[in-house]
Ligand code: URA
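Take a look at this one chain, the form predicted alone, written out in structure tokens.
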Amino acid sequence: MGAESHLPETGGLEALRSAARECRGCPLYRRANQTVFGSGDSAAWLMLVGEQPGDAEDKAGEPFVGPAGKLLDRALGEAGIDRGGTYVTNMVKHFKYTRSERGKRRIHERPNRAELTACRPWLSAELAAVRPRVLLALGATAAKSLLGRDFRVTIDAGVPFDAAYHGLAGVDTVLATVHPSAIVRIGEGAERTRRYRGFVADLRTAANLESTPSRPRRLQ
């Protein structure tokens, strides 16, 4: 059964979170510890959307609580954004992984198109419930899912686009940046510093959209 069959008609985010625990729209629920639904301000002006929960998130049941989440918190602070006033979620609500050679570590595996499609109704429901002014995709998977397969984070990171043009009803502007986990994986050094500064700059662009009327362009 698809996600649509689990979507509640009323009850807001809490009803959605509860219903998502029972979703069997794709096989990922079989291996994950639990559904990791979005969390944050139910009236947030900014919604951040990543790819999927990681190992730490799958254990905690909350999005962006691991190393990438800590880096995100730091970058949001530097960009002048209070995470408590945002809503954070993922395209896919279950952790997809493979086991390391010795079987002790769970290694992230990118969700496929069928899994992203199966989970999309949950994101649509979150958008309808929160109605953020700005939607920020974190990483290439989320960006391509929201803006089309031709989108390139390396080229168009931080560029505001017309959300309605891309079928994102109720949202004014959508933009994308790198996923914080990509910065975490770099390790220490000049390249990490450069990528982190670019990440903070993209978050500042999002912050400026909160109070400044924008004229986002379309992604052709």
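Residue numbers here begin at 1 and follow the sequence given. Just so it is clear, the model here is predicted, and its values are computed rather than measured.
Although not depicted, the form predicted in complex with the ligand is the subject of the following passage.
The putative spot formed by 161, 163 and 172 is not touched by the ligand in the predicted complex; no residue has a non-hydrogen atom within 4.5 angstroms of it. Judged by heavy atoms within 4.5 Å of the ligand in the predicted complex, the contact stretch among the candidates 63 to 71, 187 to 195, 153 to 161, 38 to 46 is 63 to 71. The ligand is not shown here, and in the predicted complex it never comes within 4.5 Å of any heavy atom of residue 33. In sequence order, 50, 51, 52, 53, 54, 57 are the residues of 39 to 62 having a heavy atom within 4.5 Å of the ligand in the predicted complex; the partner itself is omitted from this view.
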